[in-house]
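In structure tokens, one chain follows: the form predicted on its own.
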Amino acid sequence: MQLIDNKKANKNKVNVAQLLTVATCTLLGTTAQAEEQKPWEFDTALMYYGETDRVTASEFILAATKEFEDEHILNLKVTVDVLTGASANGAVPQTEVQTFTRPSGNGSFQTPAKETPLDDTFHDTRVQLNAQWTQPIAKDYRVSGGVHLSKEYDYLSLGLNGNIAHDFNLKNTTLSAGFAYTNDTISPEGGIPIAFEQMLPPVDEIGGGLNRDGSDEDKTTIDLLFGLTQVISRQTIMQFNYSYSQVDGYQTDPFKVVSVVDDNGIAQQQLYENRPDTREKNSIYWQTKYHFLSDSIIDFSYRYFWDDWDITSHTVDARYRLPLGNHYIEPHIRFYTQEAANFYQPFQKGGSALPEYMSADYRVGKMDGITVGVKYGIPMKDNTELSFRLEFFQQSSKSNGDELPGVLNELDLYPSVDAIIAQVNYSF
């Protein structure tokens, strides 16, 4: 989720071309160029995200931009996330109390009858650093390159990216192409679970064990992005992007399990999930901004995503900025719908042959989501701005057409997730 909004100019008349950040750069971690040399500019954000009875997250971002001579631009960003709460482990609810071994293998937790199994020890802190350099290399050409570092308790991500953009048609058209490379190391506490092995009792209990295979795994991601930005008129600008990603390596969630149930829907055991170690992802993106004569601005975008796991999704996003004297409000609505991965299944029937891949994680299942909210902005002197955002989010998991045995018909296998998002931004 992008938490820092681009700084808005304190002018009654705004050139719409200045309001659209070139997504070809943004999606690869770059930042739109300033039009003239400026001193250091800073954007700060503090965000709270809270799910009902589940995960809560607090995030702080500090971004700094400095433009030097000849349109040479340096962007720096620091992000700190703190996540706590309870996370679904993939097991199905039951009519009786269930006991699960914690992901570390040390200790256990219980889930009340008829409730979704949640591990309530979820806690992590992430620190992310980004640096980006942008400069022209010839008339109407500019390049950008950057590095990325993200560290969590059990996760390390290192990356770099590059982008080239060409302006023509009196700078009304921009073509761009970029790439990003990321290497991730996953080191879960207790080690990497062996796929499809049974969750055992805690190590401190008699006969307990871990069924683990090594201490860490790696994953690499290559992203390619091609973009076109076109000024349609003095009031309208459009953008089109195509992105491709190739992911290789460990993509299984080491904290997720799949319940094996009998003909009565009673869980017999919990097996660690297994996902493919390759994934190809594609997406197309279209965005339009229209600046009305009344100084209001509508921002509409659509994204279609598909991959070789058979996940497809549609995202529609709309914002409407409405001036209120020297202030403004910006209502926001976002719709999201997703089809399930070909290996998603909420449970495994006992006695059936195990598939090659299997996951009960609702994040790769069928779902719909809606976000509704509003932002209130207060432009101030010296090109500074203070803004507040409040949004409500609901995600609804859907059945993939699986026939439910026995007691599972009495239980909610597809609970919805409700969340609130609150954010404060200050740019100076």
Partner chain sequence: MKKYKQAVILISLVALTSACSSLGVQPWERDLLAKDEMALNSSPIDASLDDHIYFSKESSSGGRGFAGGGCGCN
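Source: prediction; values computed, not measured. Residue numbers count along the first chain shown, from 1.
Heads up, the form predicted in complex with its partner chain isn't pictured, but that's what we're talking about next.
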Report task. Look at the candidate spot formed by 228, 231 and 297 and say whether its partner chain comes within 4.5 Å of a heavy atom in all three of them in the predicted complex. Result -> yes
Report task. Would you mind picking out the stretch of 302 to 310, 95 to 103, 133 to 141, 187 to 195 that comes within 4.5 angstroms of its partner chain in the predicted complex, counting non-hydrogen atoms? Result -> 302 to 310
Report summary line: Among 111, 274, 270, 161, just one has a heavy atom within 4.5 Å of its partner chain in the predicted complex, namely 161
Requested in this report: Go through 72, 212, 77, 349 and name the one with a heavy atom inside 4.5 Å of its partner chain in the predicted complex.
Outcome: 77
Query raised in the report: Is residue 66 close enough to its partner chain in the predicted complex to count, meaning some heavy atom within 4.5 Å?
Result: no
Query raised in the report: Though only this chain appears here, would residue 171 touch its partner chain in the predicted complex if you measure heavy atom gaps against 4.5 Å?
Result: yes
Query raised in the report: Is the gap between residue 386 and its partner chain in the predicted complex 4.5 Å or less for some heavy atom pair?
Result: no
Query raised in the report: How about residue 204: is it within 4.5 Å of its partner chain in the predicted complex, going by heavy atoms?
Result: no
**Report entry** Within 4.5 Å of its partner chain in the predicted complex: residues from 350 to 389 (heavy atom criterion)
**Finding:** 362, 363, 364, 367, 371, 375, 389
